Each structure stands twice: as C-alpha cells, then as structure tokens.
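The chain that follows stands alone, in the form predicted on its own, written as structure tokens.
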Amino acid sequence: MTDTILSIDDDQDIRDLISLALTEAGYRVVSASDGPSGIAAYHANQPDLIVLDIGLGAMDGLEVCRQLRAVGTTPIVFVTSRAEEVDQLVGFAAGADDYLTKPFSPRLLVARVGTVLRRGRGAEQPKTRFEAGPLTVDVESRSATVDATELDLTRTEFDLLVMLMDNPRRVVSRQALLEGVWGSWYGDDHVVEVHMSRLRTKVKAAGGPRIGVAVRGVGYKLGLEPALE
C-alpha cells in the first residue's frame, strides 16, 4: 500500500517541490497551504507522515504540530528557514520527529521521509516472503524463483532483489541500495549498476521479465506489481 504524505506549507513553490519529489519517489502526496486546512487534510486523509512548515502565519507550524500531537502520533518532519539550534530544539519539543532547513534538496527530503517512516515501523516484523508477477522471494531460505525455476543468485544479487521487492512501488535510491547491501564500504555507485545488470540477466534467462528499471539520477524500481495480500 502506498504511503500518503501530507505537505503543509504556505509557499506554493515549496509545495510543488515537495509534491514532485515525493510523488516521483512513489508516495501519494496531499497538500495544504495553511494550518487550519492542514489539520482538516490530516483528518480527511489520515496520512502516514506530515511535512510541516513552521512559518505558516496566524496558526504557525508549532501550533499545528501541538494540535496534531494531541490526537495522534503520525510522524512529523519540520521544514523551515530557521536554522538556529534553539529553533530546532523548540521544534522537537513541540513533537517533531525530524527537521529540514530550507533550502533543501529533493533527494535529502526523500531520504529523510523514508528514514522517519522506517524508524516509526521499527517494531514491525519484517516480511519474509515477497511475490511480484512470476517472481517469488523467500528471505528465510534465501531462495528466489521465477515460476518454478530457482535463480542462482549471489548474496549481493539476492539482497538487491529483496530491497526492490520490499519497495515494489517506489524508486529505491542508489544510496539506499549501497547502504542496505554493502553497508559502510561500497566504493562508488557504479557497483550497483554492475550487480543490478547481472541480476536482470539471471532473471531474464530463467524466463522472467525485466526488473530493476533504472530511473535516471535517482535509483531503481522493481518494475512489477506486487501480489495482492
């Protein structure tokens, strides 16, 4: 199921930037231009995360955050031009989960949103089986099949496939793949391209479809729809 992100910001250009970046990353985005409409959008859409500007006007982001915290625990990422430490401390005291200072890059925004969402789901049990089209992956047995044909994958190829299958409707950034598969050492991001190409070749040779579709300048997406649960 696609996560819904609520963006509350009184700057149209910032709202457009946030919406474009997060939509391209596979999220559903709902936008609001002030505090009251943002709170109404929260109740109407029940988002999975809120990207909230502090400087909203009469009802600022701090007050919006306090009101939302009174009724729920949805993660909140503040975006603001206030860069002083005391401003960040006030934001965290109001209930923010993370803090982005304007101007920020779209890639950093997507990374922070993904991190906060994962952090909030840390207590959830990870999935151990994934299905998408003819592809099936069993994490516990570390096996992957295309229909009845088992794939002969290296550890790295298998881990790349799991990351794609675990994010079936999103673009997984090269940085996320590097950190998730290679950890603290991984050289340059060309290594992702090499191993992804080998993974594609093995899936194709087993009679499967093309996977690991490259999204220029961002990363890779699975390219298949997951099975309905």
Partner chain sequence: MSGGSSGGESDAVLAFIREQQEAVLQRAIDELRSCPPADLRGVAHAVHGTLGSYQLDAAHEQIVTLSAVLADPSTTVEAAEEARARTVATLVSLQPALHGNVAS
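Positions refer to the first chain, counted from 1. Computed from a prediction, not measured in an experiment: that's the story for all the values here.
Same protein, other form: the form predicted together with the partner chain, not shown, and the subject of what follows.
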Inset, instruction - Report yes if any heavy atom of Val218 sits within 4.5 Å of a heavy atom of the partner chain in the predicted bound form; otherwise report no. - result: no
Inset, instruction - Check whether Leu20 has any heavy atom within 4.5 Å of a heavy atom of the partner chain in the predicted bound form, and answer yes or no. - result: yes
Legend entry - Close approach of Arg107 to the partner chain in the predicted bound form, 4.5 Å, heavy atom: yes
Inset, instruction - Give a yes/no on whether Ile211 approaches the partner chain to within 4.5 Å in the predicted bound form, heavy atoms considered. - result: no
Legend entry - Within 4.5 Å of the partner chain in the predicted bound form, all of Asp11, Asp16 and Lys102 (non-hydrogen atom): yes
Inset, instruction - Tell me the stretch among 74-82, 153-161, 88-96, 134-142 that has any heavy atom within 4.5 angstroms of the partner chain in the predicted bound form. - result: 74-82
Inset, instruction - Enumerate the residues of 32-60 that have a non-hydrogen atom within 4.5 Å of the partner chain in the predicted bound form, in sequence order, or give none. - result: none
